[in-house]
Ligand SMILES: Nc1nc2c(c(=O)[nH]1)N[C@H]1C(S)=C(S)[C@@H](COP(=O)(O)OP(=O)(O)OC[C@H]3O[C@@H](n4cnc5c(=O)[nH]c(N)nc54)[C@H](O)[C@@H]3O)O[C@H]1N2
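Read the single chain below, which is given as structure tokens and is the form predicted alone.
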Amino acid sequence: MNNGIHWKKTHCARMDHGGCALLVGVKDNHIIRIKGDPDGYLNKGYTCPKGLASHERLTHPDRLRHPLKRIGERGEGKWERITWSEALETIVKNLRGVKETYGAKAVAFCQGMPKGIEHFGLIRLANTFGSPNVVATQDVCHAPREISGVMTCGFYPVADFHHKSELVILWGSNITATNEEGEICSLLFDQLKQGTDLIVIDPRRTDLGGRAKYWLQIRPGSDNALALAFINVIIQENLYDKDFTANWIHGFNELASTITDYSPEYMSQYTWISPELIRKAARAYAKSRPAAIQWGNPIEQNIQTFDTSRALISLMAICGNLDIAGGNIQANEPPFKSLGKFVRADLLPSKRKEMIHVHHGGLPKLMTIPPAYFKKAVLEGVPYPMKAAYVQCANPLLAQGHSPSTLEAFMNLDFIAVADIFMTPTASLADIVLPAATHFEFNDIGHCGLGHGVLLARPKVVDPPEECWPDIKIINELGKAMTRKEYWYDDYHDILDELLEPTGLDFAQFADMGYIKGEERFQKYLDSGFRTASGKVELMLTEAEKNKVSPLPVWKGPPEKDDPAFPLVLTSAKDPNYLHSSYRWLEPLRKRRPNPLIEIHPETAAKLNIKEGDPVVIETLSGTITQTAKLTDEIHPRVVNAAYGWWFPEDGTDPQYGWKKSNYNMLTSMDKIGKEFGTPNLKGIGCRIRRQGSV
């Protein structure tokens, strides 16, 4: 008996990683229940607490339901309801005004985690408007691994969990708590049941760390040192793949000659891992075939991310684990319209020269602007002024490094428009706030351009409130109003069918299928080589001088020097109940984790007279916040793990909802930036802690 409930299929999306297939129970245009779809290509029935609770966003009393216009001072929290026509007219008038005075590049188009075609729609809007500046968080998520992969081996090497691996390394990837795009823990669990060995590299003993053959409790920020030590062992002990190395690697001898400086004994002082354990883990990886490295984005969150990513790809390569089933593969994409053509890259041929970060020596292959350089342009006019921003799917005040400078930058913009589902600390600074639809309320295509070889159907399951628009509809209407109409669509739904045209499917047919994936082929290099200048995996980059980077991955010492005044090492980890700064307003999830917790080893806590549940002050050179003590021996005595993304929607006394009190990025800095991707140090930061009220 279904009690009038109709079950519909879709996938998670906006405000989530977006890989899980869902069964959504709908009655009278309301979602009654959500559960994982056993037929899901990536999740096989699994879904996380966020997915199960996500429908409660739709009817939440604090949801944005009408366009709003600021009537008080910026950030004062005073609004008036306006029509969509007035909202769009105001945005168009202000962005055009900035363009006329300062040029189109003075307008930034800002995006958080791209989860659907809204990201590429935003790039199309920027290109048709004439701005090269799409600001995103890819400097600390995805781009360093992807671009380092393209430069080193011609593709982004993703772990293949669809074929059995003899061994899997989870390197900074807590896959049971925070699944990444294309890598869902249920697939790994199936492998472990079949006897796959596991190595976990993480500062915390995660759930899978306790089940691993080896758990390497790495010092945060030293992943590059450990990867190079692995390579040292494998080369020095002749454990590398001789055939693959001889035929398909450029620069092996050069790497071998420099790697002698990176012995486990030398690197142990930086990684805090014993030389013996480093050797055991390196040997286990080298002797297992196929073996996969599932690398999480923590390795991308310090200034050495380029060298770290390249060292890990080099490790995959010398062991012959690139593009083989069960290794790290080049996932073959299904037929799909060229995203370059869709975003109308042809309209902005000078983009690679005009993007803000190129002025600072950033890699031109990075097609989004790192927040550090966006803020510099706003506050210093370098390399040119930045005066306005359109923001979607993002909460930069919480998510970007060094929140005080983010606040300063947003307060100094002439105009800000934000599209979101709820009023966030960032949205509270805007001139115009637009009410967005949730992913259950419109048709979308997931996993476009993410390099995992699959496209996911996201058909809508309920209708949105009358004035809540999908991001792609907002973009389409803005595009028609402030660029040439022929670049856009009478109905934004036409975008979906156009993108799917090469598949021979329309959206309805695609939705019936649920997903499509690319052809399964491995070792493609045997036919055509690797897509690099040399045709081989470039452990030594042939175009290093052109890109002004080191030809070989190197270790330059810790991202931050030790400071006796800040004796502990600060790191952070995503919470399985939240995604970045999202979901703090949902009661079921808030009950699971009501407060921001700082994890402290009991020995460390005892020395500082800190007890479970105490309010704890965390200090770095950049700032001070307060979180709640959680004592655990799953963390190193010299490391503390602070909660990330916290603000307090229930705080009605503050227009920005208490965003400073516990916000991790009050502690981070923009003083040091990795030039390749504009990446700041977000982990491995010197800190000190004390019980609140103590001296």
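All of these numbers come straight from a predicted model, not from anything done at the bench. When you see a residue number, it is the position in the sequence shown, counting from 1.
Absent from the display: the form predicted together with the ligand. The rest refers to it.
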- request: May I ask you to choose, among G296, P558, G320, P132, the residue with a heavy atom within 4.5 Å of the ligand in the predicted bound form?
  value: G296
field: Of P576, G529, G97, P334, the one that lies within 4.5 Å of the ligand in the predicted bound form (heavy atoms)
entry: P576
query: With the cut-off set at 4.5 Å between non-hydrogen atoms, does I201 touch the ligand in the predicted bound form?
result: yes
Non-hydrogen atom contact N665 with the ligand in the predicted bound form at 4.5 angstroms: yes
query: in the predicted bound form, does K50 have a heavy atom within 4.5 Å of the ligand?
result: yes
task: Evaluate D197 for contact with the ligand in the predicted bound form, applying a 4.5 angstroms cut-off between non-hydrogen atoms, and reply yes or no.
output: no
statement: Exactly one listed stretch (607 to 615, 97 to 105, 239 to 247, 215 to 223) reaches within 4.5 angstroms of the ligand in the predicted bound form by non-hydrogen atoms, and it is 215 to 223
message: Could you pull out the residues of 105 to 139 that have any heavy atom within 4.5 Å of the ligand in the predicted bound form?
response: G112, M113, K115, T137
